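Take a look at this one chain, the form predicted on its own, written out in structure tokens.
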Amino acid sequence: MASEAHGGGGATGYIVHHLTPLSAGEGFWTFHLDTLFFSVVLGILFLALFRKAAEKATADVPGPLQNFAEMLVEFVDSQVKDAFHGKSVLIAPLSLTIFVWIWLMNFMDLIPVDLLPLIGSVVGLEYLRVVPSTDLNATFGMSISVFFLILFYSIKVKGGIGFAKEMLLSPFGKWMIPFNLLLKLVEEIARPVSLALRLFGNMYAGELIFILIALLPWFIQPLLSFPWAVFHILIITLQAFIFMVLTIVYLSLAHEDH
């Protein structure tokens, strides 16, 4: 039934349809509207839930939402204390935001693949991708933001001269400045690239497997979709955790003044 949807394009057409974003613009200035929409909505959801938990926080018997929020805060705070060796009031809130926001984005992969696109088609949307972290633009946007923070704190903590010395003189001294600079540029650029591609690759593969399961006969789908969904919960949590921890580690290195 799934393979007959969306214009009868068969299995290939079904897969391509689900992997095509709702976009506007051309070339470099193409905006993936579905990625932007779901990212913003999930960000607002995160802020609203934690704001509500903070407003209703009590020293008496806490409610489920307060317990959940406190558990996440303590979990992230312990990771920051273990991996971050500098002093900054930004790192813990940033890490909490990264973990929860990416987890919510990844969680969208557990929604049945045809549900939201079908609703979108009712209101006239031809394409709709509902998992922002399967969009390379979204993962690179987050990783590049982290990269700018790394550069900012590297220059702030070490100073302009200290940062320049680290880039030019490490690890082989002043006689190997061009080679040192090349190595440091590769090292710095590899950080946001690896952050973005790791998250994108794992989530894209997970989404593709759900789409392939949806192409199977209806009586086989439950036998595969439920076990994969349970396993995928671990994947989406692990990917959010890895992105958060690597961000903490990279920012910790940026705060080290040698």
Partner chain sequence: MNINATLIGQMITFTLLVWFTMKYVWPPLLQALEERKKKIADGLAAAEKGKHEMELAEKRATTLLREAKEQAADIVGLAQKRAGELAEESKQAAKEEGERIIAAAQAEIEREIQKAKEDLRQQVSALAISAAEQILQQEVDRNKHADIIQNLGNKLGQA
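Values in this document were obtained by computation on a predicted structure and should not be read as measured data. Residue numbers count along the first chain shown, from 1.
Not on display, but discussed next: the form predicted together with the partner chain.
*Tell me whether Val40, Pro62 and Ile144, taken together, all sit within 4.5 Å of the partner chain in the model of the complex, counting heavy atoms only.*
Yes, because Val40, Pro62 and Ile144 each have a heavy atom that approaches the partner chain to within 4.5 Å in the model of the complex.
*Taking the partner as it appears in the model of the complex, which of 51 to 59, 209 to 217, 187 to 195, 224 to 232 has residues with heavy atoms within 4.5 Å of the partner chain?*
Selected range: 51 to 59.
*asked:* Under a 4.5 Å heavy atom criterion, is Asp77 part of the interface with the partner chain in the model of the complex?
replied: Output for Asp77 is yes: heavy atoms within 4.5 Å of the partner chain.
*Does the partner chain come within 4.5 Å of any heavy atom of Val131 in the model of the complex?*
No, Val131 stays farther than 4.5 Å from the partner chain in the model of the complex.
*Answer with yes or no whether Ile161 is in contact with the partner chain in the model of the complex, where contact means some heavy atom within 4.5 Å.*
Contact check for Ile161: no, nothing within 4.5 Å of the partner chain in the model of the complex.
*asked:* Given that the partner chain is not shown alongside this chain, does Asn180 nevertheless sit within 4.5 Å of it in the model of the complex, heavy atom to heavy atom?
replied: Judged by the heavy-atom cut-off of 4.5 Å, Asn180 is well away from the partner chain in the model of the complex.
*Heavy atom within 4.5 Å of the partner chain in the model of the complex: which residues of 77 to 94 qualify?*
Result: Asp77, Val89, Leu90, Ala92, Pro93, Leu94.
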